[in-house]
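Have a look below at one chain only, the form predicted alone, in structure tokens format.
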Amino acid sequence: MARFYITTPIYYANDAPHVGSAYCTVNADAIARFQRLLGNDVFSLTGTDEHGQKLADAAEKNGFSPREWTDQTSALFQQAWDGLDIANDDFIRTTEPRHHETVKAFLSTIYERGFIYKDNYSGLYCVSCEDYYAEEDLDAGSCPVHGRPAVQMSEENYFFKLSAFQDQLLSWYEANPTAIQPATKRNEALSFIRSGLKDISITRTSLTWGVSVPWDETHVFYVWYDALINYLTAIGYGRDQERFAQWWPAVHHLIGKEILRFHCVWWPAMCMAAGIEPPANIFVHGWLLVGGKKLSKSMADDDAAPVKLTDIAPEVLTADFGVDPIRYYLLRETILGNDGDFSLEGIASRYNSDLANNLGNLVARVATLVGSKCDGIGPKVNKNSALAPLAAQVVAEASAAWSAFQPSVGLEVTWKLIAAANASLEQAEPWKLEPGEAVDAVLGDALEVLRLVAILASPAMPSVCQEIWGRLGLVGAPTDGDFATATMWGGYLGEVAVVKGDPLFPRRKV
């Protein structure tokens, strides 16, 4: 049994969750569920980032204190993830005492090792990004991400000696070629490093809503440095070193491409400065796009934005389509790492084709035939079935895809087995045959396919797959037992009642 630690970014608690944040969270959850399916010891982390000027401004605008505001907005994320059946092991809030303790311990170590110093800073700042920009990186004076004018700021700050780690970062990238994935994102980070690293400001004196600097209480840490350290807080850095050593650095960060620089340049350098290993893997996903606009809550109040899907909360989608179909769509529609299109029409199309016509139809027709031809008792699978080699191939390819952070490929491969079972039924036409060995053979194969699909698709659709499992007359859950044994062809022993039930996926208008 191996350990598998996976994280989402912690989401900025100045607004409600939306489809974009749900996309990352569902992918991380499904990948974690697959690792649990393999029998690994999994720790899955998500949470909310609750400090910084942008959040303090939002709280004031809405008539709340920052703490009151974050209590409300953080709860919205927890409710949204519960509604999407996210099985995270921890939900971290950066306002928690444990996080303040870890931040102070971690950055004090960097300070004591000589990589933090005080100086004056003046520069162009984007409040939405909580980040400074060089003038040449702006778009006609505006932030390249949010399209809003950068403001000139000047204050006394503490700086992190990022420039001291340029060569060390390049060496680390060379020694760990798969640490940043996909390769295009690795190349992007390398290009930024090779362009020359400058020391960066890590504290503020202009606000008080943040983690105070332990060696200088007139400063608070800049929100990004505070936020990145959450990955260490959750596993006990500075509080439980034995637990920390068990989980670090074998972590998998799943992040959006807009925060690549923070995670793929700053964060590894900070770890080096503190004397710990950088994270083992950072996987960078793309954006969901609607009419060319990034699904970002930062654009939701932009009058120029032609699309308002950024206002759609996950619970609106799940109320319409169901939880598992939305999970399936977010996982299946876009290859993780690429940008992808999001549309309600796309959800309905995927729902009808993959779920209703293929999986749902197979479950219904098999149960109906078992009822009419086998008195409702499922026949045993033929271990020498012609579908057995395909099933073995599908299990191997799907497992490899999930392990490589490619849920869309894993699901696509799994659906090949569904298509093969449907084709086998069409060819054999058991509804035209009298009860007997020929009917038992084709239905036994189909029941075994559904058993395997319930296992392989369970990270994506846990509730639906549990329902299928029960309809097949199987006890327990698809996630029970040893994965290698459970996914071998021949596991459906039959002699149990098969239940038809209501349609799993009633067809919808596109």
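Small disclaimer: the values here were computed from a predicted structure and weren't measured. Numbering starts at 1 and follows the sequence shown.
If you look for the form predicted together with a small molecule, you will not find it shown, but the lines that follow are about it.
Engineer: If the cut-off is 4.5 angstroms on heavy atoms, which of these, Leu84, Ile110, Ala179, Leu228, is the one near the small molecule in the predicted complex?
Structural biologist: Of the candidates Leu84, Ile110, Ala179, Leu228, Leu228 is the one lying within 4.5 Å of the small molecule in the predicted complex.
Engineer: With the small molecule left out of view, choose which of Trp248, Trp224, Phe321, Tyr173 has a non-hydrogen atom within 4.5 angstroms of it in the predicted complex.
Structural biologist: Checked against the cut-off, the match is Trp224.
Engineer: Which one of these stretches, 394-402, 343-351, 361-369, 253-261, sits within 4.5 Å of the small molecule in the predicted complex when only heavy atoms are counted?
Structural biologist: So the stretch in question is 253-261.
Engineer: Would Gly286 show up as a contact with the small molecule in the predicted complex if we use heavy atoms at 4.5 Å?
Structural biologist: Contact check for Gly286: yes, within 4.5 Å of the small molecule in the predicted complex.
Engineer: With a 4.5 Å heavy atom cut-off, would you call Ile10 a contact of the small molecule in the predicted complex?
Structural biologist: So Ile10 counts as contacting the small molecule.
Engineer: Gly20 near the small molecule in the predicted complex, any heavy atom under 4.5 Å?
Structural biologist: Answer yes; at least one heavy atom of Gly20 falls within 4.5 Å of the small molecule in the predicted complex.
Engineer: Asp49 versus the small molecule, in the predicted complex: is there a non-hydrogen atom within 4.5 Å?
Structural biologist: Contact with the small molecule, yes.
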